[in-house]
Ligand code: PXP
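Take a look at this one chain, the form predicted alone, written out in C-alpha cells.
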Amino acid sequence: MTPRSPLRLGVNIDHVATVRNARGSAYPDPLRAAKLAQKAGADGITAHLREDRRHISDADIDGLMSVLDIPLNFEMAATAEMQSIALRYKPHAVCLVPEKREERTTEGGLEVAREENRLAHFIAPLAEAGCRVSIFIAADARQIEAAHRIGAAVIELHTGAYCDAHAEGRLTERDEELARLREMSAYAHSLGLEVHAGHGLTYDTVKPIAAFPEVKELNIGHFLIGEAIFLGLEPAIGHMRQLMDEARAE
C-alpha cells in the first residue's frame, strides 16, 4: 500500500454505481471499488446519496459503513431525509452539496450566505453526533465567511470552473480561476477552516491544486473511474497519488 501523505486523497465511487445501475445488475460493486481504492492508497471514500438514488443506494451506504477501514465522506443535500440517514450511520464526515434533479452532476457550490440560519440549525445535530461537517462551496469570500459562521469544520472548494477552462483551452480564465482558488484557500485557512478541494480534477489539472499548502484533501471520482476502464482502478489511483505527492514535495 502507498504510504499516506499529508495531502489526503478521497476517492468518489459514485460512478461505479452508475455503471452498475445502467444494467440493473449487482456489478460492478461499489464496495469492491472502495476496498480496491483503499488498497491503492486512498485515504477516504466519498459517496453521494442523491435524492433520486441515481447511483449510490441506501444499501451501498450501509455496506460501506460495514467494510471500510478508512473514513467515509457522505455527500448529501441539506434535506431532512438525508440528515436522518446521516444521523443513523454517523459517518466520519458529512459534506453538504447543492442538488437538483435535472443536473448531470453537482453544479456549482452550495449557497450558504443566503441560507445561513437554516444551515446553521441543520448542521448542529450532525456535529453533535460526531460527524465532521464540510460545505461544498465556490471559491468566494462571502460563502467561506458564512460557512465559518455556521460552524462548519471544513470547506471543499469547487474546482470545476478551473478544470473546465483548462480542458477548453481558455488559459487566461484558467489562470484566473487558479489564482482565486489559491487566494481563497489561504483565506479559509486563516479563519481556522480545514480546506479540501474537488470536482473535475484530472492528471493534467491536479498538481497546481495539490501544491496549495492549505489544502488538506482532494476528492476525485469521475475521472478516476473513467481511467480505471483503461488502466484498472489501482493503477489509476496510484498515478493520481503520485502526482499529488510530487506536487506537495515541490
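The structure presented is a predicted model; accordingly, all values stated were derived computationally and were not measured. The numbering used is simple: start at 1 and walk along the sequence shown.
Here the subject shifts to the form predicted in complex with the named molecule, a form of this protein not shown in this document.
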| item | value |
| --- | --- |
| is_contact(residue 200, the named molecule) in the predicted complex, heavy atom dist at most 4.5 Å | yes |
| Close approach of residue 227 to the named molecule in the predicted complex, 4.5 Å, heavy atom | no |
| Touches the named molecule in the predicted complex: residue 136 (any heavy atom, 4.5 Å) | yes |
| Close approach of residue 53 to the named molecule in the predicted complex, 4.5 Å, heavy atom | no |
| The single option of 95, 152, 119, 144 touching the named molecule in the predicted complex, heavy atom within 4.5 Å | 95 |
| Location of the named molecule contact in the predicted complex, chosen stretch of 63 to 71, 178 to 186, 213 to 221, 29 to 37 [non-hydrogen atom, 4.5 Å] | 213 to 221 |
| Sequence-ordered residues of 145 to 164 touching the named molecule in the predicted complex, heavy atom within 4.5 Å | 156 |
